[in-house]
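Next comes just one chain, in structure tokens: the form predicted alone.
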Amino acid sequence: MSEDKDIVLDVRDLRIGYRQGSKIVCAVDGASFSLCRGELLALVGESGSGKSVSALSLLGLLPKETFVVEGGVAMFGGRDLLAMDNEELRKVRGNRISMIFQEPMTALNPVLTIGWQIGEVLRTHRGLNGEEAKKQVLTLLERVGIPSPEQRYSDYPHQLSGGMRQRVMIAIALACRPELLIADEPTTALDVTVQAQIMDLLSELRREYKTSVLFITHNLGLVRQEADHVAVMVSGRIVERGTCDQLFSRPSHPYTRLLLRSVPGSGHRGSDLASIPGTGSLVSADCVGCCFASRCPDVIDRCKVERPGMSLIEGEHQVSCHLAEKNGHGETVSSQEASVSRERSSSGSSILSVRDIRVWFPVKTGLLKRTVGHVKAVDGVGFELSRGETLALVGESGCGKTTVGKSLLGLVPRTSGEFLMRNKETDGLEPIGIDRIRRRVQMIFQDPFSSLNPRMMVEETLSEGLEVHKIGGNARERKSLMVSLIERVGLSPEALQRYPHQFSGGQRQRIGLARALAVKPEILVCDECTSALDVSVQAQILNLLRELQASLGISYIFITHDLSVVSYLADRVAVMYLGRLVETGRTCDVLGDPKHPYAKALLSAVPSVDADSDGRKVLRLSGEVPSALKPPTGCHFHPRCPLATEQCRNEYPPSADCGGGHSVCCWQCN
């Protein structure tokens, strides 16, 4: 940063240790960064790289029994935050520095109302009470875009959607107009439409209050769209920093370049994504060389024995790499980074036909538990799936995507409709028949940790499906199959004798994939199976899914809200809104030329790392998704649609054929 800028936060040589038994392992190793007034600095890197630990240390929120701040300074307002005692930090936290946490449901107190929790900040730091405090809280709720503030004032966190809970967290952070806002993965669990609204809110905050934002994320598209400066972190060290344009147009560290090449998108379609071996977590305290040396495709002998210093590339662009010292820019592309093309194609023959599926959950009330209504989670969905094809189901949270997937396996009962596999209807089968269907259709879940039994070793987890479906003549044959499976998903046979907690998130997802493949299914339902992973680990899983599809001819139903993954992996797309499909077609047609207003808004909100996405028009959706208990009359989207007419409000539109298998349910297209 230049000397004449108004620096709000200046962190120098931050070193934090992590207690591991009797040893202290290096968690943050000499991190330095600065943040100017009104700017957004993005801190990016893989899970475990030290991003959140660095941020939490600034507010004294690290548990002292686990972490120890070994050195460094963090200057804020002429004072060193790291040298403050608890009493001094209490006056700063929530007042001059606020923090938005990744998961608002765990950050908010479930037994206190929204109004009380926002008011607590005003009582503590501004001395406001009673009606005066309530008036300020209502103003804050309105300011962050929460409808009906008077009603929400008395609501509890569980009564709000994920996006509204995150808005409440922002209202708490805004209460005292802080000089610095630390946002730790504030949009990770949100849909792209809600994510866009939250980022708009943060941008307004920066413009109006000149608040500086330290933005911790692994969403590189958001960074490209929102950040002024970027710092890239690996294994506790910052390896590259500079302006957003410098890092995205001229990445100089091998890790940064690989990270950018691992982001899925239509430009990588038909090729493998760049993958980064190993993890970006803690390194040994006695590591004398580059922290990325063991994973770098361009490593030289010097990297292993000498820690690189920060070299100035140009302007504010700095990089910690011996290769950059050598040639001034570090632009080397190894053969290991080159994309590998893998062509695949579907057979065209239908393997699954879903016809007019409805999943309605009864709402019961009173002493006699009478049914007073139904939550129409899925309300008349139908589609075809071919052998070797990937169909993506996309839409906002609560639209019914996961319910469709679970209904295929009988994990939720369907109210009506039918599934046909290879033109053989599955209705009316005996339990053994259902077991056969479950063998042909398997599911990979969003959270690999909660979907694996923590008390069962991997071998037990895999053998369970083999035994139930009588695959393998004896224990020896099953063991051989399990070894083959675990190797196929990129793990060693030794993994069979370990428990789920002994693996990383990406490794656990591979185990979940191995479990699904064990019974030799024809269809895999992938339910947000990459949403909780870093982009580098996500790239490994997506590459693996492509490889398995090419070699085994498996069909995928890919449930996701990440449209960059859809553009990379899917053959066809089905867009869902409030239990119904509103647009379906080939990926190139739906993503390239969306017809439905909802699909257009969904696509316009997707951030991209590509420079040509700058300046594009973003369509913002107003309001919240209506309740599936009482969906709107006519077109379900009309309360949020800018093109809605009287016909839209009264009558649901039929499906209109746009040609080439592209169809849309919208009166504007009929």
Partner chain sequence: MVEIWNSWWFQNTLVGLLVVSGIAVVLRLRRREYWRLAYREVCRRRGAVICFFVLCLYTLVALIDSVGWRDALRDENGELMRDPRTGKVVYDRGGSALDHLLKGISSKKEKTYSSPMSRESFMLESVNRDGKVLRERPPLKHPGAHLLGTDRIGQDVFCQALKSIRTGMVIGILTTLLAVPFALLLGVASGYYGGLVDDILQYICSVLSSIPTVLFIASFMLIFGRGLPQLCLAMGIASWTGLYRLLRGETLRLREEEFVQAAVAMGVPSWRVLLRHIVPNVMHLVLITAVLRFSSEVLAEAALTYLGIGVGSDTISWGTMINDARTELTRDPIIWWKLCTAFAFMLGLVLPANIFGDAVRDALDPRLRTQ
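Positions refer to the first chain, counted from 1. Keep in mind the model is a prediction, meaning the values are calculated, not measured.
From this point on, the text means the form predicted in complex with the partner chain, which you will not see here.
Legend entry - Listed residue that, although the partner chain is not shown, lies within 4.5 Å of it in the predicted complex (heavy atoms), from 150, 464, 80, 316: In short, 464.
Legend entry - Heavy atom within 4.5 Å of the partner chain in the predicted complex - the one residue of 596, 561, 572, 515 that qualifies: Answer to the contact question: 515.
Legend entry - One stretch from 440-448, 263-271, 220-228, 389-397 that, in the predicted complex, holds residues within 4.5 Å of the partner chain by heavy atom: It is the stretch 440-448.
Legend entry - Partner proximity in the predicted complex: residue 209 to the partner chain, non-hydrogen atom cutoff 4.5 Å: The answer is no: residue 209 has no heavy atom within 4.5 Å of the partner chain.
Legend entry - Contact flag, residue 125 vs the partner chain in the predicted complex, heavy atom cut 4.5 Å: Result no; residue 125 lies far from the partner chain in the predicted complex.
Inset, instruction - Could you confirm whether residue 499 comes within 4.5 Å of the partner chain in the predicted complex, counting heavy atoms only? - result: Answer yes; at least one heavy atom of residue 499 falls within 4.5 Å of the partner chain in the predicted complex.
Inset, instruction - Would you check, heavy atoms only and a 4.5 Å threshold, whether residue 300 touches the partner chain in the predicted complex? - result: Result no; residue 300 lies far from the partner chain in the predicted complex.
Inset, instruction - Just give me the residues of 468-482, first to last, that have a heavy atom within 4.5 Å of the partner chain in the predicted complex. - result: 468, 469 sit within 4.5 Å of the partner.
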